[in-house]
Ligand SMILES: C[S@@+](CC[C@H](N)C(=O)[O-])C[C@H]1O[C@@H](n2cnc3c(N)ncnc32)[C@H](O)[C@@H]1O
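First, one chain by itself: the form predicted alone, in structure tokens.
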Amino acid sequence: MDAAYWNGKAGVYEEEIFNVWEGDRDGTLKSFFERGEFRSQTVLDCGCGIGHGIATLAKHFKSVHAVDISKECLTVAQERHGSLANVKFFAADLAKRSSALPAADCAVSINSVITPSLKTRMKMLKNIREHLKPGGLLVLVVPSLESYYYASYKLIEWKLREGAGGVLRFGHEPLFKGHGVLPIDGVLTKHYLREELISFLRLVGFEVEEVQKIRYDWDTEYENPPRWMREPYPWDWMCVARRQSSKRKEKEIKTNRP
């Protein structure tokens, strides 16, 4: 995790960092919290940035602990949401253990577990898990690898509809990156297959309860997309998972041991 990088983004966050809460065309993310019973619970907003989700979480939870590696981003978040009595702010690297973070009933991570390093991603999820109470809930949003390739196909279809000749192929760059680590605006970003995401969360001690698509309009992928470019829309994965008990996790490891 690079605190200096994110400190540099604080002043241009709205222009350069995609707002999942706002871009969610179906309101899937907000609807999840509206249907749940969280009024007496504490939530960790993991990688809160400048606070895109804080107001929504503060509305549905008893207390919100907004966590980010960037002190500059947290300063902006505090300027925007510091008046909310049930919100506290913590500067912490989720890839490192922190005794400063409180135990929570729920953790929300919106496109924060997306670093190219598998080792770092595992550390982040394990640390999030350690700060969840037994049976605590994780709401994780991550880029979809299926959507990445689907959007690439739609670009080819667009060109074909406009009469492009010859054989159109995918670029070779994604193949060289491997393991779903692909560029978004020049920044290498982890994208997940649905089944990969489920398996990965089980590996680090979560039991997946549901996986949904958070769908976005096509203008999040392409500038001035044509009118015919409609459903299916591009998407991120939203995964809801529950912390396994330590005893259950140990039992699964022993059972799966060759």
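Note that residue numbering follows the sequence shown and begins at 1. The structure presented is a predicted model; accordingly, all values stated were derived computationally and were not measured.
A second form of this protein, the form predicted together with the ligand, is not displayed here; the remarks below concern that form.
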inquiry  = Quick check on Ser144: any heavy atom within 4.5 Å of the ligand in the predicted complex?
reply    = no
key: Any non-hydrogen atom of Gly205 within 4.5 angstroms of the ligand in the predicted complex   = no
message = in the predicted complex, is there a heavy atom of the ligand that lies within 4.5 Å of any heavy atom of Val240, even though the partner is absent here?
response = no
query = Is Asp105 a contact residue for the ligand in the predicted complex, using a 4.5 Å heavy atom cut-off?
reply = no
query = Quick one: of Val87, Leu138, Cys73, Leu125, which gets a non-hydrogen atom within 4.5 angstroms of the ligand in the predicted complex?
reply = Cys73
request  = Heavy atoms, 4.5 Å, the ligand in the predicted complex: which of 147-155, 92-100, 75-83, 180-188 makes the cut? Say which one.
outcome  = 92-100
task = Can you tell me which bits of 109-123 touch the ligand in the predicted complex, meaning any heavy atom within 4.5 Å?
result = Ile110, Asn111, Ser112, Ile114
